[in-house]
Structure formats: C-alpha cells, structure tokens
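Before any questions on binding or motion, here is one chain by itself as structure tokens, the form predicted on its own.
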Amino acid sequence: MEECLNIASSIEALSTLDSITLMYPFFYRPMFEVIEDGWHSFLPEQEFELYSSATSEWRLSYVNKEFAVCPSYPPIVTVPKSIDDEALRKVATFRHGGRFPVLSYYHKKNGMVIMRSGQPLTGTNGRRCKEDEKLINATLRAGKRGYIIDTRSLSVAQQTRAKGGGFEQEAHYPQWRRIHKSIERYHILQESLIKLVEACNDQTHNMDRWLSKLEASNWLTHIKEILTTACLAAQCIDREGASILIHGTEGTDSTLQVTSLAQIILEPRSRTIRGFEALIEREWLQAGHPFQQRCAQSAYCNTKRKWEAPVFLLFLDCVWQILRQFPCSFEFNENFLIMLFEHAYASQFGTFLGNNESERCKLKLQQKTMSLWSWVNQPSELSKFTNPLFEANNLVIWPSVAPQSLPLWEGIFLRWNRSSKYLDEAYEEMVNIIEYNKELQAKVNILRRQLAELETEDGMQESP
C-alpha cells in the first residue's frame, strides 16, 4: 500500500512542476511520420475564408499583433469592417482584460452572428464608451434588435460593478436586450467534480447513498445550465433572426462553453472531426481559455488550486450529451471526446500548454513541441475516432435539456468501474453490420443498373 501511495505522490509531483518547460511535451519525440503540421492546420486566415465569400461586412484585424491590446487574444481577430483599429484600442480599455467584442460565428443562413467579449467596465459611476456602442451596433441589420447573453446572474453582475466591472446599460444600448443566464464557475465547479468522482468511487453499493451523492455533486445541474444557455443562443440566431453578444466576467470560461455549443447546434461543420478540431482551436485555445490554470491537476489531487475548474470537461460532457441524442449527426465518436479530455490534463503534445496564445509564443511551443492535431489526423488514428453511424446532416439540431435526457457520462466517470470488453464487442459487431449493409447496398445498386439496362434493351428490341 505504501508503495502505491509513493507512486501516486510521484505522479502528482511530476504533474505539478513549477516550470512548464520541464514538462514532458518539451522532451517528447514522435515515433510516427509527421504528415501534417498541426500548428498550422487551423489558422485564423483559413477560418475567415470560409465565410468571407458570404459577407463583406467583416475584416481581419492585426491590432493585437504583439499582444499589446489584449494579452489573452490571438494576434489576429475578426471584427466589423466599419470599425478601425484605433476604435478597437479604445474599446479594449472598456472591456475586462482588454477583451473587446470579436466575431465568434457567422450564420450563413440569415447573416446573424455570435460575438464574445469580456464584461464592460462600467463601474458604479455608469461609465460608457461610444466606440464600444458603435462596434456592437455595427453587427445589427437595419431595424433589427440583438441579445446580450450574460452568463452571470443579475445579482452577481451587479456586485461586480463595485469592483469596476458591470454590464451594458439599456440606456446606452437601446437596440439590445440583456438576458442573464447563471453558469457556475471556478471552485464551485471543481468541488462538484470532486464530489462526483468520490461518488463514482464509492464501493458501498448502496443505491440511496449513490443517488444522494450524485445529486449532491450538482454535476448534471451544471450540464443542464450550460446546454440551456447554448440552446437559447442558437434559438436567438436561427429562430429569432437576431445577433448576440455573449460574455460573463472575463469571457474565458462560461462564455466559450456557450459559443462553442451554440455552433455545434447550428453548424454541421462543427460536428465533423476537422470542424470540431477547428472549433477547439478557435474558441478555446486562440480565444484564451487558461488551460494551464484550469487543468493543472485533477479531482484525485489532495491539494486544491484556486483557479482550477473542469470548464473544458463540462463542455466535452455537453457535447457527449448532444452526440448521444443525435448519434448519426457527428463524424466523431465518444472516444474522440475522451481522448481530448485526457490530453487537456496530461499530454505528450504541446497543444494544451499555456493559458493563451501570448504564453505559447513565449514558450515557443511550435518550435519545441508537437501539436496534438499532427498525431490525431493520421489516417491510422482517425479510424479509431470515426463514428460508423455518421450521415452528414445539414440541419440545425435541437438537443433536449430535460433532466431525464441528461445521464451521467459513464465513458469518463465510470470507465474504471465497468468492463469494456462487452461494450467493445458490441461496437465491433455494430461496425461489421454497417459494413455488411454497405456491401449489400452496393450490390443492390449494381443489380438495379443491370435491370435498367435490360429493360432498355428489351424496349429497343420491341420497337419496330
């Protein structure tokens, strides 16, 4: 037992090194042939080209080229074409952490957009910024209203004014309606994960105890809150025909959960493997989610760090919930999501190191480490993560957020409590059935063509 505890202590110590440059990704050398440089797979310019053909109202701005305007933003961001860089600098001083509103998603169906930012620094004096108002209004069509989705409760948002934060005053943003949807953050989420892991490891086999602990963790409640807010955002875009701005306090946690999930609901590309990778790169890594702080340790660790929180895991859990409800609409399978969870916490690749693009540049990750995408996108690896049931679905998908529709993600939380043997066998059998069905379908198509040819020949012979 003592040896096991020593090993556990060693692992914990090695996973919490003071210097990032001492971590394994800096010493890892790939044993596979690198076909694709994952560091350059999803550049902002490439993403911009995908919707620049549908609209001329947006542009790429290099205002943050040296990370001087916003340390947690990437060097290149997409903003309204009518707003110049000088105005962006002024808006940055009015938003938390310099996170001025930027484009997150453009809905080609009706031209509506999702923007994200940090909270406005209105304070107790009701400070305003004309450039900020102009930037946000530049996204509205004539006669249209927009929605500001604040991922904090009204009371929490009001409390931040005493610390210099706040929210958009309706008098200064008359074309925008503000909606507060409370999503928990930081230590509350970490405590929730710790309680859930403890419940899953409980060996008493007492049903009442298990259900009581599961409920006390509030994990599924957090899932419901996040999915509900994402559905609201998607509804504003697709059904209301209204653009939206999403922010909480910093704009690096719950904001990114909502913008990402809304895109999965709205955008078929985000439900493909490469599209989902691009989403993570754009909405999490480049958008400044502090992975180094949030995923520093795990629920099994004895020490607790102030900034640690399972924000990304909650996002992946929400994606799994949607995947479970729409099993044929996703090109990737559950294993893909589990793999991303594992690499966010411990990886031989440098993709999830650092808290933002600025830190990654200083660490020279592109030169000194390998990208996760270089490994994942190998054909031999992709086959493990491909969903055999996938059929491209170009429609918007609307997940249920009813409590009965949101089960515990066994693949993550009960992975060591159950044997995967029979699940693996069932999966293999399903794949075999699907492949056999494709073979039969191909034979049917050949026979139909032959029948059509014979009928044509008969018709020609019968004609005088």
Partner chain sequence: FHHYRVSPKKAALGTLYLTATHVIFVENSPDARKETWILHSQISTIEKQATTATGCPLLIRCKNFQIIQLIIPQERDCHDVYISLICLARPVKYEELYCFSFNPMLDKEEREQGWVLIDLSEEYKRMGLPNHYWQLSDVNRDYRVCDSYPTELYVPKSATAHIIVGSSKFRSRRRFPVLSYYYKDNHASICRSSQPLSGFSARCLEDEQMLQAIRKANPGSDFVYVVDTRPKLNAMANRAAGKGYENEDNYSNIKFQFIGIENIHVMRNSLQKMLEVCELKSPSMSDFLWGLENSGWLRHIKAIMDAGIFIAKAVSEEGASVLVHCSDGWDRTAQVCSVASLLLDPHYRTLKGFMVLIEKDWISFGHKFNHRYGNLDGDPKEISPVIDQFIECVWQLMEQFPCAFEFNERFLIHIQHHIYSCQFGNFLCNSQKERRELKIQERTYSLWAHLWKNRADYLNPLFRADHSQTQGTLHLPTTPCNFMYKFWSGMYNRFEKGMQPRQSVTDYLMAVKEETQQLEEELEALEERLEKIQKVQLNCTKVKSKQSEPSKHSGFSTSDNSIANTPQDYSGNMKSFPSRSPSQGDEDSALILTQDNLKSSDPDLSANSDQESGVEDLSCRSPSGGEHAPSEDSGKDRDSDEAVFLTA
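Note that the rigid core is defined as the largest set of C-alphas that superpose within 1.5 Å between two forms. Numbering follows the first chain given and starts at 1. Values in this document were obtained by computation on a predicted structure and should not be read as measured data.
This next part talks about the form predicted together with its partner chain, which is not shown.
Not displayed here, its partner chain is approached by Q203 to within 4.5 Å at the level of heavy atoms in the predicted bound form. Contact annotation for Q441: at least one heavy atom lies within 4.5 Å of its partner chain in the predicted bound form.
Taking non-hydrogen atoms only, E429 approaches its partner chain to within 4.5 angstroms in the predicted bound form. Among heavy atoms of Y186, none comes within 4.5 Å of its partner chain in the predicted bound form. Residues of just one listed stretch (177-185, 94-102, 69-77, 123-131) have heavy atoms within 4.5 Å of its partner chain in the predicted bound form: 177-185. This chain appears without its partner; in the predicted bound form, the one residue of Q158, Q378, N137, S212 with a heavy atom within 4.5 Å of its partner chain is S212. Screening T228, Q366, N335, S153 for any heavy atom within 4.5 Å of its partner chain in the predicted bound form leaves a single hit, T228. Applying a 4.5 Å heavy atom cutoff to its partner chain in the predicted bound form picks out K443, V444, L447, R448, Q450, L451, L454, E455, E457 from 443-457, in order along the sequence.
After superposing the rigid core, the C-alpha of L22 moves by less than 2 Å between this form and the one not shown.
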